[in-house]
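What follows is one chain in C-alpha cells, specifically the form predicted alone.
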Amino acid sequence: MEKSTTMVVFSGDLDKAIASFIIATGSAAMGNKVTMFFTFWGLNILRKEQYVPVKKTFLENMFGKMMPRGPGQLGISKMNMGGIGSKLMKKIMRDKNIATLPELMELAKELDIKIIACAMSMDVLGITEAELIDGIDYAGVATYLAEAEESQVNLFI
C-alpha cells in the first residue's frame, strides 16, 4: 500500500504556508504521495502575483482587492506589524539559506505533489482559475476526503 499525506491548507499566513510546503515536500521526499487542498484564505497562496483582468461582480472585486495576491504579499500570523514581520522573516530565511515559499512551491511541483484549489471556496471568494498559478487541480471537498480517507497522515493548517 502506497503511503500518503494529505493536508488542508486553510490559512493564508506566510509562516503557515511555509510550514505546509516544508511538510509536504519532506513527505514527498520520503516517497509518499502528497495532496494539498487549498481552501478559503489558503487560496491566496496560489494567486498569481500580477493582476489578471477578469469580469467579476462588485463583491468579488472587493474580496480580490482586500486579499493578498500570491506568496510575496502574505503576512505572518504573529507579530506581522504592518508587514515588517514578514519582511524580517524573509530576511532571516535568506540569511540562513532556507528556501523561500516560491522555491518550496516549485519544489512541490517537481516532486509531483498534487495541489488542489477548492472550487467552492473559489466561488465564495470570487477567485477564478485564471487568477491562480498554473499546474494545479480544481475540485471539491469530496475529492479531498477521498484522498484523506486513504492517507496515513492528515493535517489541517
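From 1 onward, residues are counted along the sequence shown. Computed from a predicted model, the values in this text were never measured in an experiment.
Form predicted in complex with another copy of the chain: not shown, discussed below.
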Query raised in the report: Do heavy atoms from each of Phe38, Gln73 and Ala139 fall within 4.5 Å of another copy of the chain in the model of the complex?
Result: no
**Report entry** Any non-hydrogen atom of Met67 within 4.5 angstroms of another copy of the chain in the model of the complex
**Finding:** yes
Query raised in the report: With the partner left out of view, is Glu106 within 4.5 angstroms of another copy of the chain in the model of the complex by any non-hydrogen atom?
Result: no
Report task. Give a yes or no for Leu125: in the model of the complex, does one of its heavy atoms lie within 4.5 Å of a heavy atom belonging to another copy of the chain? Result -> yes
Report task. Could you confirm whether Met62 comes within 4.5 Å of another copy of the chain in the model of the complex, counting heavy atoms only? Result -> yes
Report summary line: Contact check, 18-46 vs another copy of the chain in the model of the complex, heavy atom within 4.5 Å, ordered by sequence, gives Ile18, Ala19, Ile22, Ile23, Gly26, Ser27, Met30, Asn32, Phe40, Trp41
